[in-house]
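Only one chain comes next, encoded as structure tokens, the form predicted alone.
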């Protein structure tokens, strides 16, 4: 097995290799003046399991194309097995048609990966695991979804949030966050949206739970605009919570998101290194390396 970091994940790919006791094998890449990507794979791939590590944000179109070039080239030069580690998988949020005529972008990306010879795809906290499971029978390529939430919870436990409540921002992630709450040991709940019938203002609150003076960790998969998370933080502060941490796997902050979270009262904002960001970072290198040992 050789670990090949893509241009979007050089640091993470190197960390995964070192977790496995290896040195990474780097590619040559550059961007032409017209925006096209140039990829040159190393020569030592014949007969090997080649693990390509390439996140797909920001600039998902370019980074997906680079991954496709890497996979096809490795296959062309004799790689026995191609494993694509996509720490953040772009287009996974378009996993169903909400309006007639919409592209199933998630399905398209999976089809492209298989078409260039990818045998296994490893993703971290994909937007909808059920959608991944529903699509799996369509492909011979195996798809593996890992969660970073337990890694994040252990980090928070060691950084002044031992015994804190674990909260899900909505009912959709209730099951996984309930399991994660066992790491912190402070209990679990999820938010409900309450709309003022007169003003129309929506507030997120935790019902039937006294949070006064208690620390809270909100776990989510993605922070982008920060809107949902900031409303949750504000609701907790209004209920008298102590320290509140906004924790996510993928940090994809748009301009103004950080200020929105801080203004809402976030004491800590923590994400993983699936995507490079300005937030405090927890590495998933060990999580991925451990799983690669099982393949």
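Worth saying up front: this structure is predicted, and the values here are computed from it rather than measured. Numbering follows the first chain given and starts at 1.
One more form of this protein should be noted, the form predicted in complex with a small molecule, which is absent from this view; the next part is about it.
Answer for residue 114 alone: is it within 4.5 Å of the small molecule in the predicted complex, judged on heavy atom distances? Residue 114: no contact with the small molecule in the predicted complex.
With a cut-off of 4.5 Å between heavy atoms, is residue 120 one of the residues that contacts the small molecule in the predicted complex? It does not: once the small molecule is placed as it appears in the predicted complex, residue 120 has no heavy atom within 4.5 Å of it.
Within a 4.5 Å heavy atom cut-off, is residue 151 in contact with the small molecule in the predicted complex? The answer is no: residue 151 has no heavy atom within 4.5 Å of the small molecule.
Given that the partner is absent here, does residue 179 sit within 4.5 Å of the small molecule in the predicted complex, heavy atoms only? No, no contact at 4.5 Å.
Within 4.5 Å, heavy atoms only, which of 227, 265, 58, 242 is in contact with the small molecule in the predicted complex? Exactly one listed residue reaches within 4.5 Å, namely 227.
Please tell me which of 223, 71, 89, 217 lies within 4.5 Å of the small molecule in the predicted complex, judged by heavy atoms. Here the answer is residue option 223.
Stretch from 36 to 44, 266 to 274, 60 to 68, 227 to 235 whose residues place a heavy atom within 4.5 Å of the small molecule in the predicted complex: Careful reading of the contacts points to 227 to 235.
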